[in-house]
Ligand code: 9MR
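The chain that follows stands alone, in the form predicted on its own, written as structure tokens.
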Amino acid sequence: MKGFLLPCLATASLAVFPLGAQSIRDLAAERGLRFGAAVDPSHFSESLYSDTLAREFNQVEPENAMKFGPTHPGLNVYSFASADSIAAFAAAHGMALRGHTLVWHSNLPSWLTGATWTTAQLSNILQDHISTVVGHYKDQVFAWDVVNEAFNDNGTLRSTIWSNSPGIGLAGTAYIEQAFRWARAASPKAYLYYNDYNAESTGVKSDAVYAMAKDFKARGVPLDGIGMQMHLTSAAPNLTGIEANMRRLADLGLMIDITELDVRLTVNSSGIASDALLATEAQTYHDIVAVCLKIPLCRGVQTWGFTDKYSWVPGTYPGLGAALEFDAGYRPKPAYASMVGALSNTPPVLAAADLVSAASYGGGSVSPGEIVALFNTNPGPAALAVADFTDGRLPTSLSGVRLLFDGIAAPLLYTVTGQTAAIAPFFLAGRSTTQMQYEYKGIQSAAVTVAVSPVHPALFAANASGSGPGAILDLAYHPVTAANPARRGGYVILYATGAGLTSPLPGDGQLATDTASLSARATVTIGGVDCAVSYAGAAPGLVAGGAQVNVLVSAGVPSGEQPVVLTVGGVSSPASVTVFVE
């Protein structure tokens, strides 16, 4: 989204619930969240199955079709038909496709488990498997569960054919590391996850997973995220422990996905749970989704199936079932309504560090009139909403979004889930801090404290990336480029923000129609050489808060691509923006 800113400147139990105006899929999109289900393609011909799946979810994962056994039925034989049908369904319905799983101790074919292999042979088999399967879905699968369930509940490593029985010749977690490196080589862009159960809360098993993840991140092993399965029961989950575990993983820079969520209940001989247990289940579903929404790097929630008609639970746990959000007749259960509530009503989470200059993407403070970008804004509109000037001003509410400073809504440029651009109000002048809040559809975040500085100058780059060739024009209003360089003795026009107040002072969000000089002194260097400023102030035609600086290119400026630095009131912009000089 960084590149957008510059253009923008110019069951038998009747405890079921009706579907709402917005599907879970739509609500999740407003949260920037992938909401998925594990699927079996043999059910796609059942219209209620496929219609419900396509309507309610924006992600799918094969329950079994991508595991070792189904995809690799012979030593040099691969079979992708079943998994390919899931990939086709995902593509046809605009859904993300998650891969599961490459390395696991279970679901292995007899040709592999019934033979005797050397470690070198096993290593070659596993490398070939990962390379072939990941390579087959290279442009389709966005994320892989590379290794699944490698730890015992006591935190020790599980003994498997891949680890030490006989293993691929690597001790400890080194075999896991190798699998991740092979997966990265096969698909450089896919996110790579470690996935496990009973490791969602803090404890010995999650400590072991965390220690491995910390080691991998420190050494550059291509681990991108942790999958938390969350096969839960009617007992209340340890939400405090889950949140603490998610936060420490996020602090490593890892994404977190809830990958196999279900809540198994005691059921009668007809597979029906009591209304009281269904209410307990609903609360658990709500709370798990809500805790995910508190962690910006928790990016996905996936249930292990979605209808009680096709759930692994009754076959594995006799007397238990009713574990999913739709009943066997595809009617939404209280669990469905509770997740809708969590997605709709959980307050946004805001961090002061996510507010940055829209020019440099540097943070730390905000200045009066500065054009800013706020990242990790969710919920928000799934489709980009761009503001129009009305009677010469930008709106302070856009598609249900408001950004408030000390309770006052700021003018908005655009908003979409994950990013909002606004103009810091001029009333911040003279303050040392401000309380910032984000609001969507009337639900506000808690306030966070943001430092205020008189100026926070930054130059706009031509590609709105914060660095590289600047958004710089010559006096004929042609872009200055390598093909049209600035000339010594000629003028260039720079565009910036964070330059502070002007005199006269315009209204917040007002379209600048006249020149107005900066209140603080502005100077410019190009290639380290002082260059005379003939005008520094408002930029007519742009929103107030955007600054225009006209500069004479000094005779001593070196030729070639040179850094440009704007200093206002003694504070300099980053030297990351450049200009081509003849």
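Start at 1 with the first residue shown and count on from there. Model, not experiment: these values are computed from the prediction.
Keep in mind that the form predicted together with this ligand is not shown, yet the notes after this line are about it.
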Heavy atom within 4.5 Å of this ligand in the predicted bound form: which of F375, F89, W182, W312 fits that? Just give me the one. W312
Just to be sure I understand the contacts: of D508, E260, D327, E281, which is the one whose heavy atoms reach within 4.5 angstroms of this ligand in the predicted bound form? E260
Looking at 210 to 218, 304 to 312, 89 to 97, 240 to 248, which stretch has residues with any non-hydrogen atom within 4.5 Å of this ligand in the predicted bound form? 304 to 312
Contact with this ligand in the predicted bound form for Y137, defined as at least one heavy atom pair within 4.5 Å: yes or no? no
Is E149 close enough to this ligand in the predicted bound form to count, meaning some heavy atom within 4.5 Å? yes
Heavy atom of N64 within 4.5 Å of this ligand in the predicted bound form: yes
Using heavy atoms and a 4.5 Å limit, would one call Q229 a contact residue for this ligand in the predicted bound form? yes
Can you tell me which residues in 98 to 120 come within 4.5 angstroms of this ligand in the predicted bound form, by heavy atoms? H100, W104, S106, N107
